[in-house]
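In structure tokens, the next block holds one chain alone, the form predicted on its own.
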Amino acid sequence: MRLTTKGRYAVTAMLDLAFHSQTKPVTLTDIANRQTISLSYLEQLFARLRKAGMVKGVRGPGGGYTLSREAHQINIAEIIEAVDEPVDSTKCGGKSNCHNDQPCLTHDLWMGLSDQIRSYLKQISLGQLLERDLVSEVAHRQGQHSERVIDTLALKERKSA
């Protein structure tokens, strides 16, 4: 199974949101800056995540996104599925038509692997990831780096004005 950029970015963005939205809503621009993900790509992902009921938008000044449920209630498999990312190791997409419209010799092996991966990802919640020391360290570091970049850009704008 190869998890594509869509699934990786969705999980990364949701973990960033879970970490930073504990005190206030988070804008997609902030997530894009911290995670170096295209803003337009994030908008597409968050439209799907919102439709799946995992995030909610907050309008107005200070608005942005928050999780719609507790971080411990959102598992990683849900996030990946919400952005239409298949968790599938088979060549046929699980349709059993991989060899002349029939299952191939190793179809059951790859189906079993897909099931194991899906099961593993269902057992891990955003909340569990937030509890990991390394996740907290990285999130703090990325937040500080993002703030320095924004401060530098604002200083350049003032100098040119």
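This structure is a prediction, so every number in the text was calculated from the model and none was measured. Numbering starts at 1 and follows the sequence shown.
The same protein also has a form predicted in complex with the DNA, omitted here; what follows describes it.
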Should Lys122 be classed as touching the DNA in the predicted bound form when contacts are defined as heavy atoms within 4.5 Å? no
If we define contact as a non-hydrogen atom of the residue within 4.5 angstroms of the partner, is Phe19 a contact of the DNA in the predicted bound form? no
In the predicted bound form, is there a heavy atom of the DNA that lies within 4.5 Å of any heavy atom of Gly57, even though the partner is absent here? yes
Answer yes if any heavy atom of Asn33 is within 4.5 Å of a heavy atom of the DNA in the predicted bound form; otherwise answer no. no
Of 58 to 72, which residues get within 4.5 Å of the DNA in the predicted bound form if you count heavy atoms? Val58, Arg59, Gly60, Pro61, Gly62, Gly63, Gly64, Tyr65
